[in-house]
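Here you get one chain, nothing else, as C-alpha cells; it is the form predicted alone.
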Amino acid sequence: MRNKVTMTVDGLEISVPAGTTVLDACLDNGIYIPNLCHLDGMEHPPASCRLCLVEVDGMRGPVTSCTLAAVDGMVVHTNTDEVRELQKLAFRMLVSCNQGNCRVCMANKRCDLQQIAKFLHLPLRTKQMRHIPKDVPEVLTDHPCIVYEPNKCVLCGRCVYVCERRGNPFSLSFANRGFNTIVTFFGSEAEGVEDACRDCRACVDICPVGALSFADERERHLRLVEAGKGRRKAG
C-alpha cells in the first residue's frame, strides 16, 4: 500500500501522505486557498464557509477542497475564473451580515477575514450586497469570563469543535436557526467553569475573527484603543 500520493496543483507537482485532503495538501505546500471553517484533524469538515473551492479535472464544477481526499494523479486548479467568482460571492455573503469594527477589534491585523479580503482583492464592506443586520444582541456575557460578539461571528464552528473535543460537561454549541444562529455556552453556570476555560483558551485562540474574547482582556484592549484615540486628538 502506498503511503504517498502525487498530484498536480496549478501546474506544480506535489506529494502528500495518502488520506490528506486537497486543502491540507495545498496549504502544506505553500498554496493558499481561502478557508474559515477548516481545522487540522477534522474527520468531517463542515465545508460551511464555501471559500475553499477548487476545480479538479474530471469532476463537474468546483468542489470544496476540505472534504476532498487527494488521489494519485489528481489535477487541481485553485485559481480559475469560476472558482474566484464563487469565492468572492461567498465572501460577500459573509461580510454582508458582519458588523465588526476592525479599528477596535482584538483580532485586527490577525483576522482571517482581513487576510481573505486581501487575497481576493475585496473590501470588507461592499456596496454590491446590502448589509443585513442580525436579530441578536451586540454582546453576550452569559459566560463567567468569556464575551461573545454575535455580529462578528462567521459561524465557522471552530470554537464548537475544539470545545467538544475537550470532553468537559460544559461546552459551546449552536443555538437558533438560519440567519440568527449563534454560539451559546451550555453548562457555563457549573462550578469551576471559569478556571477551566481560562486554563484552556482553545475557543478564544481558535476564533478567526475575534468574536470570542476574555472579558478582562477585551476591556483592557478597549481602554488602550480609547487612550490611543485621545493621544491622536491631542497631537
Partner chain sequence: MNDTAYAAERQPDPEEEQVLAVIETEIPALPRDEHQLIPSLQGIQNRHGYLPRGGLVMVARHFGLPASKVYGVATFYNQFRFNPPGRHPIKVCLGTACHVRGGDIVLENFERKLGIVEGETTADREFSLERVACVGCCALAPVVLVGEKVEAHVTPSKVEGVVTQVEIENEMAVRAAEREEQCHGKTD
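Positions refer to the first chain, counted from 1. Everything quoted here is computed from the prediction, not taken from an experiment.
The same protein has a further form, the form predicted in complex with its partner chain, not shown here; the description that follows concerns it.
Of the candidates I182, V193, A202, I31, I182 is the one whose heavy atoms come within 4.5 Å of its partner chain in the predicted bound form; the others do not. No member of the trio A215, E219 and K229 reaches its partner chain in the predicted bound form with any non-hydrogen atom inside 4.5 Å. Contact with its partner chain in the predicted bound form, defined as any heavy atom within 4.5 Å, is confined among 101-109, 156-164, 115-123, 72-80 to 156-164. Proximity of V136 to its partner chain in the predicted bound form: non-hydrogen atoms within 4.5 Å are present.
Its partner chain in the predicted bound form is not approached by C207, whose heavy atoms all lie more than 4.5 angstroms from it. With a 4.5 Å cutoff on heavy atoms, M59 does not count as touching its partner chain in the predicted bound form; it lies far away. Remark: C145 does not count among the residues lining its partner chain in the predicted bound form, judged by a heavy atom distance of 4.5 Å or less.
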